[in-house]
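Following this are structure 1 and structure 2, which are two forms of one protein chain, each written alone as structure tokens.
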Structure 1
Amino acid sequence: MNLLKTILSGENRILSRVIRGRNLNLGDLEKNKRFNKSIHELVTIMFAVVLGLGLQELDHIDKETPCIDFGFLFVAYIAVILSWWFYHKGTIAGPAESNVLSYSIDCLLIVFYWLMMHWRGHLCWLLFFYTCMFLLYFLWELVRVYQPSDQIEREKVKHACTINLVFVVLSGLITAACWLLKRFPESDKYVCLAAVAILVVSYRIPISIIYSRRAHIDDGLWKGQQEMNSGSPTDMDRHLAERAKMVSAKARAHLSGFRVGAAVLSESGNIYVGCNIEFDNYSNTIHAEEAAISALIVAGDSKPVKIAVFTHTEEPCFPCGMCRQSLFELGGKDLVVLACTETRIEQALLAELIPSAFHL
């Protein structure tokens, strides 16, 4: 149990070294991202191929057991389509994968889907395949646990990992039970088929809840429920603070030694980060807020609604006058500013920070 806890918390040294050692590094962040994207496109193509090949099975439907054969194919189709859908939802909402092991598991999963569609033996085998698939999903999430990501992402992945483990055990037990029922009449095949269908669909519910949680938080925000934020920090506040803290580690602050990180949330729910960048002539300094909002502009996104600024200080620091002016021009007086430190998050509206802002 303790070993499992250590593994799921991402703290196992050997495992960590093995998994992180397989992280893709082409020496350039942009190239890594492009490679990642092309892998996901490849996986989508493979899903499409599996779906197409599955149609061949329609020619092999046995006249004696048409319902079972058709049900079998139908369940396999539901599984593949749901998996494709949530695979993409997961790769968009979840942490970016850049690990050779997770790519390999993706490919293995595709092979499993193919097998599921083409297997016409006893249904126990189908259940057995599902157990193996959940095991692969578990391994996939485990690889994600060891990816460098912030606290919230890691919590999500850990929950997903646990759910996968529960399903490995559950479907393993059902497989064993069906194996014992093997000797019974044909009607038990329906029980197996129903068990598989229930497993496929019920597995997706907790997983999608875990991975879409952030979207719900964002939803609340863009629907103007900013009054929620007048009290204690929300999950989104903490998430922005965490992102700002993470990016502050990248600051180029060799002149002042003052590292700043900023994470800005756009109206459409995306987050952009930036850090301060100092140059030897002093005057070229780029502020963390400037870097974050320029990322938002470059992405062509909508207006900023909230920004977290993280500093490694005792007291929280709000943005300087120049940044307040820039933020005002893009986000208006209602933009929420969070001044964050290791232990505190303080909040102010831009209207309070720059009461009579300049505009042309």
Structure 2
Amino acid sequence: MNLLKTILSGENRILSRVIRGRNLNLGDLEKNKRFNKSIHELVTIMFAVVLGLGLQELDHIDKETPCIDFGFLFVAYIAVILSWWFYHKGTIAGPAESNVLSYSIDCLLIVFYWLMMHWRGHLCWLLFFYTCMFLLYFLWELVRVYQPSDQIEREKVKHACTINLVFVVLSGLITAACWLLKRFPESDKYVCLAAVAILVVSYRIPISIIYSRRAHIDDGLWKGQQEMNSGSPTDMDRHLAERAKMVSAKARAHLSGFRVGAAVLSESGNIYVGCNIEFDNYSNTIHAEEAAISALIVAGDSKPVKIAVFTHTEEPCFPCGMCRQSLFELGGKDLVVLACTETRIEQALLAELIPSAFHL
């Protein structure tokens, strides 16, 4: 049980090393985007192809048990369509899909969808395929648990992962009962059909709720400019401030004693941190904001949308002019800047901090 909790928490070092080692990175942000978009479109086409092939099975309905056979075929259609829909919803609401393992699971799912449509005469195997489907859903979300992401996003994916595991167990129990019974009267087949239909449809309800909540949280993450007058920091604001505070403890500030930490949130949902590093001639000093956005660029990530700057002062301190220019070139005028201390978080749009930014 403790091992399972560790795995679902995203803290298993072996899994983390294996999964993150399969991340796709061509060394260039635009190349990464184009490549991932191409694979995403390919997976979408594969969904369409397997659904199209499945529709041909309408001409091969078993004449001896037409209702049962059509029922299982119809449930398979529903499973494919819902999976297709939530595949797009999940990659939009959760971490970006950029891992070889994720795409491999997508391909395996396509195979099992095909089997679910074409092996309807073997009830035990058919139920086994549905169990494998839920297992692959679980593994797909598990890969996302170990992807770099902000804390709120990771919690949502962990909840989805737990839901998947519950349905793996439920479908597994139905499959095990099926194998034990071996032979089925007509009435038992209707029970199995009803059980599978309920699992396929009811599974999407908690998953939809999880990602819908994510959408509400996004209102606070990505539309900070609409909350400028509210004076209420979001959960993400506080999380960024805490990350910036933590990294400020690592600052090399032996000359000024002015420790600064920065945490930048990227458009893809990842967080990168940095601290100030002072050198004896001062001119070589690296600012915390520079260190954080350097980490973002090195990772090949997308543009920053929000940055928290933490200082151990009474009054919040916004970035200096040089850092504001750098942030403007990477994030644009709508980038949200949080100036944080132990007791306060003040925010402003970059357009307010540098209204006449330099353009070459």
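These numbers were taken from a predicted model, which means no experiment stands behind them. Numbers follow structure 1, counted from its first residue as 1. Heads up, when I say rigid core I mean the largest set of C-alphas that superpose within 1.5 Å between the two forms.
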property	result
Assignment: the form predicted in complex with ligand THU	1
C-alpha of V50 moved at least 2 Å between structures 1 and 2 on rigid core	no
Is_shifted E346 between structures 1 and 2 (CA, 2 Å cut-off, rigid core)	yes
Core-aligned C-alpha movement of V247 between structures 1 and 2 reaching 2 Å	yes
Cα displacement of F318 between structures 1 and 2, once the rigid core is superposed (Å)	6.3
